[in-house]
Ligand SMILES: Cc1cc2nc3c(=O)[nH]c(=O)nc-3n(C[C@H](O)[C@H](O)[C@H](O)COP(=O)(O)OP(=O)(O)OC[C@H]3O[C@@H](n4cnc5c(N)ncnc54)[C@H](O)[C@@H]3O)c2cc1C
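Listed next as structure tokens is one chain, alone, in the form predicted on its own.
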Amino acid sequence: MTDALVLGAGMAGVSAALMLQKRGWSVALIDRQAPGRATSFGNAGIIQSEAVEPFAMPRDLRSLWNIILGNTNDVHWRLRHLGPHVAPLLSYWWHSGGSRYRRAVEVHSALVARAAEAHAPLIAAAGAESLVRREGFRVLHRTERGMDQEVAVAERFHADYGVPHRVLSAEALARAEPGLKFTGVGAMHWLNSWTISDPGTLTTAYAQLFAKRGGTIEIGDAETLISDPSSGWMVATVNGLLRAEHVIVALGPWSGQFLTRFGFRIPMVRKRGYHLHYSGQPLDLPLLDADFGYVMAPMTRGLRITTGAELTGPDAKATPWQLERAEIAARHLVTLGAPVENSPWFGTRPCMPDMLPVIGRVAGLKGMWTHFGHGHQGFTLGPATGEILAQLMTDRATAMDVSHLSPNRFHRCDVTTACVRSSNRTRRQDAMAALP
């Protein structure tokens, strides 16, 4: 019998499967489609060693007002879809300041510090070195004010976390990227981040490595999961039923809704993002246009533009307004070329209100574990947090305190009295931690 079922074959699910497999577990990876075809397919392809502090919601009135009025391309929202987002967004705002945010930074920075070293052996074993560059990426600024703010952050990151960077003048940026028609006031070059020319293919390569090592990959629907008295858990696949003592929920943005079946209410800010490839290849390294909230990244299929966050309904039609604005801005910077696809790709990022992923054992449900909620950093953090989950599942000590990652930290559970007691205890602890 299989030891563990992993529901979801994105970077988080594939990484968890590989880390358990490394410890001798028999693992089955289940998804409705091939590995790496959902959110892990549609990102900017950067393993972000510089992203040591999670992205907090702005708390100054000017920034919030610009978001409300739609003056920024970083966030787009639609009033008729805003209702379900309100409570998680208020919690996100609450966790973006004071001791709550400092706690998130402490945990998140420790995870990011392990990101590249967790990817490295998988890249080598999967034979995926040709997809990877280790030369960083750049952030272009159009105003002195924006550049000065970026420099201040970079200097603090270097002092506090040892993150290396290089400040480029407009002239230096023009020499580094001769395909740019406009170089603003210069750019920040974050030196240690790794860039991937096809993030979906890297995730697929990891899945193929898992299969080569004896792992099982099946097409199936997580919604068929039920508890099984004889084995623990059972799920239906196109090749029949699979049973295991343990199950890992790694369904990304669908994880919260899935867990409601088991009595859990885990809040999530679901941010939709878009990308489209263009035939031009004018850039050497990915470039973030800070003033317009998008990334241009040279990819296998062309130059990919990836947008920020759209707050919309899970089943709402595509409204690529941010992508359209990004394309206009990008054509002032580079010779973009024609779109490669007929329509843009879009997917949803699972962002938790406290900006930390959800990793650990689910209280009250024997053998159920979680590995989701990485926000914008699932591609970066998947192997590092997969390693932590595997350590927890094999009763080994983790390299860091992971109590703040537990799925029981904020959920409301209707399953068992023991689970309710655990949830209440967690709420009391969080309330005490929030006191000044």
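Source: prediction; values computed, not measured. Numbers for residues come from their place in the sequence shown, where the first is 1.
Although not depicted, the form predicted in complex with the named molecule is the subject of the following passage.
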query	finding
Partner-contacting position among L405, I388, A38, A28 - heavy atom within 4.5 Å of the named molecule in the model of the complex	A38
Heavy atom within 4.5 Å of the named molecule in the model of the complex - residue from F292, W254, W190, Y101	W254
Exercise: A12 in contact with the named molecule in the model of the complex, heavy atom 4.5 Å	yes
Exercise: A44 in contact with the named molecule in the model of the complex, heavy atom 4.5 Å	yes
Contact flag, E223 vs the named molecule in the model of the complex, heavy atom cut 4.5 Å	yes
Residue contact check: G263 to the named molecule in the model of the complex, 4.5 Å heavy atom	no
Neighbours of the named molecule in the model of the complex among 369 to 398 [non-hydrogen atom within 4.5 angstroms]	H374, G375, H376, Q377, G378, F379, T380
